[in-house]
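Encoded as structure tokens, the following chain is the form predicted alone, with no partner shown.
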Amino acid sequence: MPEAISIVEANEVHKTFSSKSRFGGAVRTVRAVRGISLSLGPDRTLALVGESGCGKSTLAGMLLGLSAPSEGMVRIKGATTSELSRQAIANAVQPVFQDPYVSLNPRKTVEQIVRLPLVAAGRGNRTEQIERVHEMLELVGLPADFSGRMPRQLSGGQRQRVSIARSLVAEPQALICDEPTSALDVSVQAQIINLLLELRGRLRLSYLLITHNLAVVDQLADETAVMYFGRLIEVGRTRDVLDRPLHPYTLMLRQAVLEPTVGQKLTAPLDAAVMPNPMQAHRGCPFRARCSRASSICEDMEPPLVEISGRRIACHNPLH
């Protein structure tokens, strides 16, 4: 039986940004994404985790075809993004953005917002499009009569449901969810997580879940990829990565999660002050200044991403 084609695939993708000072200074270069390879298969959820600024959202923009890689290749269902039209990419992959308060046009009704992808794709007449909008609203747990409301009349959770309905209306196979719950209250976060789980089962969707919230990862993801300084440093099954991390940075992320345990002391926050400067050339492992296991080889050589115990890991001195 032939192996299913990945819905979204990145192959050795790099993204570099360059800028020049207004006062005639030297050109500054930032390597936001550095040689990332990953794939999202049918009916799967892949979580991409890491601190703010590690390149997660930059990678998401390339996977959505919103920006081109500086090097490497992104494929959607086997075809490169350079070979596909904007509409073809949108038909296969759609985003769910972080903040529903800014991702919805405040001058449009819910019906106009959710209907827009159908209008852009020229799918159906107006009556068919409106009927489809009502179906999508009911699918995400909103009554059809919400279609006449404006975003300002909705709560944060309701707005995010509208965002999800808009993303699903054209029947994509995958959603790229960039921190889909971080702007919501804790109780509403749980509702949206449950909705994503339900939709995945009903529609056989795939998700790329971009987040720093490991509790969300634990509930939603089959596989987890940990990102640091523009690179993947640990990739494996979610349960393995969270329960038995091999990379010291993954363990640091795990220990930074605040759990409601009586008598447990707060852990020290992650120290961003010792993160390497992305605009400067560096040698060795970029995590070494924060790592208690760093050795001389970590100063001289950046570790490659290799297979260890069924996982991919970039570390000279893994935990196990």
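Note that the structure is predicted; figures quoted are calculated from it, not measured. The numbering used is simple: start at 1 and walk along the sequence shown.
Form predicted together with a small molecule: not shown, discussed below.
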Answer yes if any heavy atom of Pro42 is within 4.5 Å of a heavy atom of the small molecule in the predicted bound form; otherwise answer no. no
At 4.5 Å between heavy atoms, is Val30 in contact with the small molecule in the predicted bound form? yes
Is Gly53 close enough to touch the small molecule in the predicted bound form, meaning at least one heavy atom pair within 4.5 Å? yes
4.5 Å heavy atom contact, Thr58 and the small molecule in the predicted bound form: yes
Would the small molecule in the predicted bound form be within 4.5 angstroms of a non-hydrogen atom of every residue among Glu111, Phe146 and Arg202? no
Arg123, Arg244, Arg237, His212: which sits within 4.5 Å of the small molecule in the predicted bound form by any heavy atom? His212
Using a 4.5 Å heavy atom cut-off, which residue among Glu179, Glu171, Asp222, Glu135 comes into contact with the small molecule in the predicted bound form? Glu179
